[in-house]
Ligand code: 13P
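Take a look at this single chain, the form predicted alone, given in structure tokens.
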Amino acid sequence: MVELQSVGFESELSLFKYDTLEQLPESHRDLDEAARSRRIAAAREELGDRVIVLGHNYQRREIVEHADFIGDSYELSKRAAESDAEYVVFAGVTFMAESADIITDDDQTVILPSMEASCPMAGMAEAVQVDSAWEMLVEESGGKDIIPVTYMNSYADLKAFCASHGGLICTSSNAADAFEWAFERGDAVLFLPDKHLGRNTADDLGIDGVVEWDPWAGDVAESMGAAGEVDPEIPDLGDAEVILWDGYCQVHERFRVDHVEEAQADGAKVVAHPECRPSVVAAADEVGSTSHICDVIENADPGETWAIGTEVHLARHLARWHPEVDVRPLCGDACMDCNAMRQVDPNYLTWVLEELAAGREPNVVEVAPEEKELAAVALDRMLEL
């Protein structure tokens, strides 16, 4: 464990946080879909209302069809907190299971089916790394009062770090409100880990003083304009109103303006997630969270064509759920799934449910008490927006 110098609590890299999580045993590696479905149904009948299964929008069909609720990460955590289930099986990634543990009761246990389901973007801003950069950021900004704002897609210790420095959490839906909250309390915002969501939010608010911080070089990176061009004159950190941590979602960064233009030329409207590049967001017809994307398709007129600029499984779900609408992935056959979500193989779901039914608790995700308390502070600040 490493003590964070600027906040005084211990943490470590996410890779080492949950070293007790187990791999899928050999006995469950070759199940076919019919066998899985039977065994999942049997385990769920045995468990009854002691378990709730949460399926993120980006999970494959074989997962979400067994979920009690489908949605985005924070929406699902709220569903868990509202339930009386003893076990919360979160078919998502590590930071999501942590978020559920933060807001559920102490007598609820959160299970992550796969030990390998770790979001790459969350891992681009480890609390240990941000803590080591904090003093440098403050010094190079000329002693500005910097308020850290972390996206929900981050680990619990980074949420706790932000709370300790007067900051808060945001979702893709309320990022602008979080920025305004921060500016009422400080001179500048440090936004992490997703630079694209941060840039798009700053653009929406008309903020020009935006720089990117390269955590690997320890200095201001080349600043990317709204159209994706590199600004040859890199602003000084002292002039910055918004400092973007150089992280991104590998799924959403794949989308290009060409994809948008080709879809629109083919008669489709485009709805893009705000984790996409600013140039893609500027060209899209609609922009919003996964919940907003679902609402757009639900409210579309029959016969409309929509191209979905987010993880490919959500596009496939929406096409199944709304056959009256022509729903397509934005980049067509070139679209790929989220590698982290892919780690939650349906066989993992079968295994953890059968283990719970047998009285064993595999792959428990439990946030350390001090981190949990502080992360809850950051979350409470968001809820007050």
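Note that residue numbering begins at 1 and tracks the sequence as displayed. Quantities reported herein were computed from a predicted structural model and do not represent experimental measurements.
Keep in mind that the form predicted together with this ligand is missing from the display, and what follows is about it.
- A heavy atom within 4.5 Å of this ligand in the predicted complex is found for exactly one of Leu244, Met96, Ile308, Val89: Met96.
- The single contact residue among His252, His196, His313, His259, judged by any heavy atom lying within 4.5 Å of this ligand in the predicted complex, is His252.
- Heavy atoms of no residue among Thr109, Glu355 and Asn363 are located within 4.5 Å of this ligand in the predicted complex.
- Stretch 146-154 is the contacting one of 198-206, 262-270, 80-88, 146-154, since its residues have non-hydrogen atoms within 4.5 Å of this ligand in the predicted complex.
- Though the partner is left out of this view, Ser114 does not reach within 4.5 Å of this ligand in the predicted complex, counting heavy atoms only.
- Of the heavy atoms in Tyr58, some are within 4.5 Å of this ligand in the predicted complex.
- Residue contact with this ligand in the predicted complex: Asp72 places a heavy atom within 4.5 Å of it.
- For the chain shown alone, Glu275 is a contact residue for this ligand in the predicted complex, at least one non-hydrogen atom being within 4.5 angstroms.
- Within 4.5 angstroms of this ligand in the predicted complex, the stretch 282-298 places a non-hydrogen atom from each of Ser289, Thr290, taken in sequence order.
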